[in-house]
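One chain comes next, on its own, written out as structure tokens in the form predicted on its own.
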Amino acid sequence: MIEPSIIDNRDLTIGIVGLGYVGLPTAIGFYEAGFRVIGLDISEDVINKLKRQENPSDDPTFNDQIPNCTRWEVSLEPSDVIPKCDVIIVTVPTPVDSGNLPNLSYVKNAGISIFDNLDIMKQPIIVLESTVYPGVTREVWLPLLEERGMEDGKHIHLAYCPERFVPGNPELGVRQVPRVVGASNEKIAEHLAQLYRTLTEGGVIPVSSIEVAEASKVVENVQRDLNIALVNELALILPEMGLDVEEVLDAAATKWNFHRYSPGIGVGGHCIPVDPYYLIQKATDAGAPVDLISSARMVNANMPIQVAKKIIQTTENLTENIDGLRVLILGWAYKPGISDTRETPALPLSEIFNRAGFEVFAWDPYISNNQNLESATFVSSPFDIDNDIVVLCTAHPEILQIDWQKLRKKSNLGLLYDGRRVLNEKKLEQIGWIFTAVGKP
């Protein structure tokens, strides 16, 4: 079991199970803090790239950041990693299935790999960081321990510390954001808090239980989903009254306790479009109402449909025959500055355009043009093809800096839809664009 002096002396080996969007920055962070770090992943491609000191992720923040040192090791084999570790941090995916039900198979399989290979003489701490509903850590892992004749608090110590960082934003990385930790007992939680304080300057707060820590993470993202759903719904309501949602929100934001959010074409990434379903499932199982959370999730999930309908209606007002018109989608990643396309709203948007008879093209400066998608053809430049409609989906800096006058000359119909409210309407109209946007009457 770890002691404060061991942490202070950096005399610990930390294992990271899952070297993806969360695991890789966590591993690099603990390495930079002075610990020996051993990473484990099931992807041969990821491990081979890391061994070559290549960044295997979509986040350019970690380009040229992969260590090459005796304190850094990566492997495909649990037997090479787990027995050496004093603390094992699990950062595997927690997706939902096609019915939006939690898929905990990655958490379970990680537990099997760990419990089959650990050195119980070390009494290691096993920390889950993946987003789950309250109770998952014990529900999934305790039966696995019992099957192997081990006990939490005796042979190992279970804990939970929700990941918190913003991909592509170095100011909100694993070394900066505050954390909370929950463990099987108060002493373990305090020791774990001390360990995480070496990772982040944002502070670490121990909480009373694993379940409180689990709940805190899912509630954080549910709150954001609710707030975004409100402004997205306002973006559908206010234009019908002849009002611009952005002007209304700017006016409302002059009050000191108003929290300003902006509408968009939808919510992407692994967290916000997924995590609420974990709480919804747990609440449903417990017989608790989740009307508000479920409604907010539906609003955000349906935004690509609502946006596509508005664009199609506008197009029909401009031309009699929309069949075969070309749509150019600018930006495919779910957020600016990275190539992460998980749950991107650009995908359902393109699928709806396809069904309406449009031919869809996409350009994203962070994504190669050899994508194989049925709903869109990727191009290497926004000027490669003639278009009729341009839809800004992702506010990459490179997209904001496009030569819009040059692009207008490539657009037959000249309809431009700003799905993020980041463009200058007057300037674009002056150079000949027919401009419209989310939340604009």
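The structure displayed is predicted, hence computed values, not measured ones. Start at 1 and count along the sequence shown; that's the residue number.
What follows is about the form predicted in complex with a small molecule, which we do not show.
- Within this chain, Gly268 lines the site of the small molecule in the predicted bound form, having a heavy atom no more than 4.5 Å away.
- Proximity of Val166 to the small molecule in the predicted bound form: non-hydrogen atoms within 4.5 Å are present.
- Interface residue remark: Phe353 is not counted as part of the site for the small molecule in the predicted bound form, having no heavy atom within 4.5 Å.
- Shown alone here, Tyr334 lies within 4.5 Å of the small molecule in the predicted bound form, counting heavy atoms only.
- Think of it this way: in the predicted bound form, the small molecule has a heavy atom of just one of Asn221, Ser113, Thr200, Ser75 within 4.5 Å, and the residue is Asn221.
- Of the candidates Ser262, Asn185, Asn103, Ser295, Ser262 is the one whose heavy atoms come within 4.5 Å of the small molecule in the predicted bound form; the others do not.
- No residue in the set Ile6, Arg138 and His191 has a non-hydrogen atom no more than 4.5 Å from the small molecule in the predicted bound form.
- With the small molecule omitted here, the record of contacts in the predicted bound form names 270 to 278 of 118 to 126, 241 to 249, 354 to 362, 270 to 278, defined by a heavy atom within 4.5 Å.
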